[in-house]
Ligand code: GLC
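As structure tokens, one chain now follows by itself in the form predicted on its own.
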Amino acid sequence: MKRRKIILVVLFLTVIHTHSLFSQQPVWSETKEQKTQRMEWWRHDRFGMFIHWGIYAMPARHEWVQLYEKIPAAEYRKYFDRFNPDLYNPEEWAAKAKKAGMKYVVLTTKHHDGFCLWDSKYTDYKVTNTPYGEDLIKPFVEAFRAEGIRVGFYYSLIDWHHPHFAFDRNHPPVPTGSEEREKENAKRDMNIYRQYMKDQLRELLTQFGQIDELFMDFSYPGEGGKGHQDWDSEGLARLARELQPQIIINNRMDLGHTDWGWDFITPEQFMPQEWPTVDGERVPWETCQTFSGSWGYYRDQYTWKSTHQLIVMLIETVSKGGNLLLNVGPTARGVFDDRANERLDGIGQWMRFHDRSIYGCTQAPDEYTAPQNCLMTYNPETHRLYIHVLEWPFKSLHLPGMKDKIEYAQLLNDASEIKFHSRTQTGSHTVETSRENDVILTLPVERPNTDVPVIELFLK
């Protein structure tokens, strides 16, 4: 009997030790090939819709209005008490995204003000406690999936509402002076807040089916800020990987020191000069951009980009191997405003005829040089090169070094043939010279009636 007890104790200790070793191991590892396969759909689709929506749509003065105007929580509460998006129709949103050519969507489930768009059991600060009274995310997910659009979630690491989120330099209103801040923070326990984030992330990744992209926002390490240790970013990333192994995660949890805690980088509101690199290696990237200067609905903002600018932005992003996540800020009644609709319609009209110069495309191989006033994208599967002509030239477009590389050429919008040659033409009125190995496309004089004409080259 005594020996049996000893054996049981040894077995128990062995199990505990094994579990301890296992729990210390990373829950996520994959080869480069496996990562490439996991991200294949994302690299192919290239174009997504970002949606910033919450009670900040009511003041309609920027999603950071609470911080910018130093609005106390008691005063900010008036928006929560009156939030009632009675015109919310996610099927309409999904139809607009699909028509614009967007293949995936990322919704702000909780922004920095802490307001939650779903019926989280871990807070009262949620849409089901507003006059609207219903969960917003479940019908959203169902509507976009019905249109064949993949679904991603944005979740704010910052939370100006949570009583245990420690005051820092990005908090309204910020206590003046480090001593006052430390005094106030002594009443707060970030351990409680860290668990709150994990609990909510578990809800988001278990209650709404497959989630394809996770956009965590954002870290600002250093004095008066917060980094991966403050969030327990490693724990958050492990949880996400465990619950949704196929998910793609952005790089804003301050996990650059790991090779598993992020999948792509996120340049915001600017265009990189070239395909971004990390440690000298090109990495997946997605630029998030707005129609105007803010993310949430801003009634009186008049710095809106034109449809043409947005189309060129999409082309340029893909020409550098990246994705574009273009943001819409719905109104407090739950609709896209006219300015957003106009631009989505314009993008959709262009994409209808030119989407194959975007989907499945990437940066052209180095052997190809874009002509003047042009951007190039390339589809490695079909072996086709796309020349996006930003300024329509008169009759001729010179392609450097393309001799004997082109099998056929056509305008993409109507599949009409474009003739080409690589010879020097001379005559009494014309001298058109071609450098060795160059090709000259013979273009129609009249510019095609589209925002950015595209020439499709079938390569040999």
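Heads up: residue numbers just count along the shown sequence, starting at 1. The structure presented is a predicted model; accordingly, all values stated were derived computationally and were not measured.
Beyond what is shown, the protein has a form predicted in complex with the named molecule; the following relates to that form.
Asks: Looking at 165, 153, 295, 115, which is the one with a non-hydrogen atom within 4.5 Å of the named molecule in the predicted complex?
Replies: Selected residue: 295.
Asks: Could you spot which one of 311, 288, 127, 374 gets a heavy atom to within 4.5 Å of the named molecule in the predicted complex?
Replies: That would be 288.
Asks: Could you confirm whether residue 119 comes within 4.5 Å of the named molecule in the predicted complex, counting heavy atoms only?
Replies: No, no contact at 4.5 Å.
Asks: Would residue 352 count as a contact of the named molecule in the predicted complex, using a 4.5 angstroms cut-off between non-hydrogen atoms?
Replies: Residue-level check for residue 352: no, no contact with the named molecule.
Asks: Just checking whether residue 64 would be counted as a contact of the named molecule in the predicted complex - the rule being heavy atoms within 4.5 angstroms.
Replies: Within the cut-off, so yes.
Asks: Quick check on residue 388: any heavy atom within 4.5 Å of the named molecule in the predicted complex?
Replies: Taking the distances in the predicted complex, the answer for residue 388 is no, it never comes within 4.5 Å of the named molecule.
Asks: Have a look at 215-223, 95-103, 136-144, 81-89 and name the one stretch with heavy atoms inside 4.5 Å of the named molecule in the predicted complex.
Replies: Of the options given, it is 215-223.
Asks: Only counting heavy atoms and a 4.5 Å limit, does any residue of 267-286 reach the named molecule in the predicted complex, and if so which ones?
Replies: Read in sequence order, the lone residue that approaches the named molecule (within 4.5 Å, in the predicted complex) is 268.
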